[in-house]
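Have a look below at one chain only, the form predicted on its own, in structure tokens format.
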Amino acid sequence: MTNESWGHIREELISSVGKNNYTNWIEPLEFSDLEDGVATFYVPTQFMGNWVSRNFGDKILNQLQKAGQDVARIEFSVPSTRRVRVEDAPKKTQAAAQPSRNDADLPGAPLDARFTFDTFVVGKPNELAHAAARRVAEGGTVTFNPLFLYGGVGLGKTHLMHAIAWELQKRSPGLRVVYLSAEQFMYRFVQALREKDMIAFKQLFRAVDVLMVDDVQFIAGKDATQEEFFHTFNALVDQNKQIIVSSDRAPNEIPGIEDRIVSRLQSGLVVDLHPTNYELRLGILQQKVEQYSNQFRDLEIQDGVLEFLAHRISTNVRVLEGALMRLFAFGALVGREITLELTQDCLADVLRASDRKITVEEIQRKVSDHYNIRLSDLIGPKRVRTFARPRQIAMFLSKQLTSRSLPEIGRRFGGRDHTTVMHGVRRIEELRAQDSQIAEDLELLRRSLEA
């Protein structure tokens, strides 16, 4: 069978599985080979292989046989993982596609070989999260349960989750470690409901030694999934099994999450991965250059380029790493040294996107909303503490996040003198070191403004 013939057979499945199912589950299948009556297809993830084999395996097999292909069974293969089989007979059991107690067949997502502790660059913004992840990855007595990692996009949550899983499996190969996204947990739950197989679902997830759920914010607002997650959580904690969860924000800041789940998530260690600073971004770039040295052997990079990138691309590590890869690929293709000028030309769109200007007016609106006060009171003459402290915070953020001078900031706060602004900025700097609530408010506001 050729790729072209598979393409025709695949399109015949639209009528039997429906357009949406075809787009989501059949179209991504890639034909590999047909040998000794076994047709092999590549799938992006093991989860997808399990799903397709259980829900559409018979239809695919029947369509292949209907088209005259000598196929007795089909296999779905994920690179570097074991295969998931659908046997020709008996048709309805599909035993090998069912999850078993073997860790290789548990319903997890595949791990990325690049995401280990060795490749994680540690700096002040992420050192606590790294230390906590390392401690959990050592196994043994459960200390933090759950370990809850949170932070913005591209700060290293998923990297640490994968690193923990790799380390646990290396130290204890027989340990049943399951890493999956909250969406995948939901899909498995919905599938179990449809097939009236909730007992198997419960047994499966409660038989693991370590459960790792990425992006837990995606179960917000999904009541039935939250209910099952809560009971799974309790069952594993009662068995002293380790749970590790990640999110884009702290448990009590996730809208639509039930209070009892928030309470559970906060019962362990909650760790924030702070936005990267200049030194950490530079360290990440330097490590990437070392990794690329074998791939781009003869490519030279001018002094100052990495420093320039670390300074200009500050909000997202993934964007930073992608920019460096594009730069190296471009330099290799045109056979030129990577200079500052070439960098600015090659990454013009990335640099423009990173140059989004935050305005004083935008800061004022955010601060007013955060403290639930009127904008007119924030910039007005009233000096009561209810308005004065948010006003000083807005002045501090205006000094930190914009290029406006103190006199310009003062004018935008009701025509105040620059010395008033200076006093407000200094006061917030002092309070930030003394008052954890002020420090947390500043961090939340800054993230919201830079998002």
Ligand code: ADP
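A quick note: this is a predicted structure, and the numbers were derived from the prediction, not measured. The first residue of the shown sequence is 1; numbering continues from there.
If you look for the form predicted together with the named molecule, you will not find it shown, but the lines that follow are about it.
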item	value
Residue contact check: Arg318 to the named molecule in the predicted complex, 4.5 Å heavy atom	yes
The named molecule contact at Thr158 in the predicted complex, heavy atom, 4.5 Å	yes
Close approach of Val360 to the named molecule in the predicted complex, 4.5 Å, heavy atom	no
is_contact(Leu351, the named molecule) in the predicted complex, heavy atom dist at most 4.5 Å	no
Stretch in contact, per heavy atom within 4.5 angstroms of the named molecule in the predicted complex, of 304 to 312, 236 to 244, 280 to 288, 140 to 148	280 to 288
Contact residue in the predicted complex, chosen from Gly331, Pro251, Gly154, Gly268 - any heavy atom within 4.5 Å of the named molecule	Gly154
The unique member of Cys346, Val121, Leu211, Ala323 whose heavy atoms fall within 4.5 Å of the named molecule in the predicted complex	Val121
Residues within 4.5 Å of the named molecule in the predicted complex, restricted to 125 to 149 and counted by heavy atom	Asn126
